[in-house]
Ligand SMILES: NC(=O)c1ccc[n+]([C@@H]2O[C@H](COP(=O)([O-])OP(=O)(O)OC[C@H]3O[C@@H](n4cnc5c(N)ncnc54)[C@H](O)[C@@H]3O)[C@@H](O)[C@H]2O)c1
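The chain that follows stands alone, in the form predicted on its own, written as structure tokens.
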Amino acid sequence: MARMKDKVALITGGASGIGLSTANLMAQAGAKVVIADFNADGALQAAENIKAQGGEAVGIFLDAGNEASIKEAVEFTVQQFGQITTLFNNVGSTNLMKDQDVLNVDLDEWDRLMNVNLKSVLLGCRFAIPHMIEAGGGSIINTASMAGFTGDAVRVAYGASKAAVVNLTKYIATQYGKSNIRCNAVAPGLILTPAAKNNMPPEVLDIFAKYNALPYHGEPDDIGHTVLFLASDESKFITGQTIQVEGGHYIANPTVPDFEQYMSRNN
């Protein structure tokens, strides 16, 4: 309980998946939590579930593509709980029908993703940091992605926006560290959120599993526990970092699984 005692956290995209896991874990650790999501009903229900378990939480609507809505979420958090010490910028979006390769990416989709995935992080920090300074410091955690570190056949806008989140994290950490504000990011690989389970055929999940170093996929709590660590004082000397939580999917020579099959056939 003591890990997040006296801390107030605003979690964007908190009604499901990684955000919901993080909200639950932070509340269990003693934080007062504001769950902000475009799915307002989901945010309200998530908060009710936390309160039913003895935690403190409120759910509100958030449009991460709208500057005024982001500012309102930060101001609501301060009005509700007196301060904001933790900000988890977790909203992220992509559309595989429009976010394709460089020659075919829909330019309106490019602009939309830069606004929702990147500008929302900037604005959340812009509005929260003055309150954090007043509170004596705080911790900001941004959701990046392994797509920000690698190339892919599609999702050029998503990957570019998440790469920018990684570097924006370093800028925030550099510029506000002396104000006792830390800023880190977490880069998930494939995580079995409800959206992933509902949208990815088993054959696609098997392809990812083939290249994982570990024999299983990630769960939302794997990211939630990492964010909880970065939000707590246990990580008080860590800032400007992006922690890759991806099951070892990207650490090996990519030919290893194929060579293992080759060797097994020829032994």
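Just so it is clear, the model here is predicted, and its values are computed rather than measured. All residue numbers are counted from 1 along the displayed sequence.
The same protein also has a form predicted together with this ligand, omitted here; what follows describes it.
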{"item": "Partner-facing stretch of 234 to 242, 48 to 56, 33 to 41, 209 to 217, counted where any non-hydrogen atom is within 4.5 angstroms of this ligand in the predicted bound form", "value": "33 to 41"}
{"item": "Contact label in the predicted bound form: A144 to this ligand, heavy atom within 4.5 Å", "value": "yes"}
{"item": "Non-hydrogen atom contact A64 with this ligand in the predicted bound form at 4.5 angstroms", "value": "yes"}
{"item": "Touches this ligand in the predicted bound form: I191 (any heavy atom, 4.5 Å)", "value": "yes"}
{"item": "Non-hydrogen atom contact R182 with this ligand in the predicted bound form at 4.5 angstroms", "value": "no"}
{"item": "Candidate spot V91, V116 and K162, all three touching this ligand in the predicted bound form (heavy atom, 4.5 Å)", "value": "yes"}
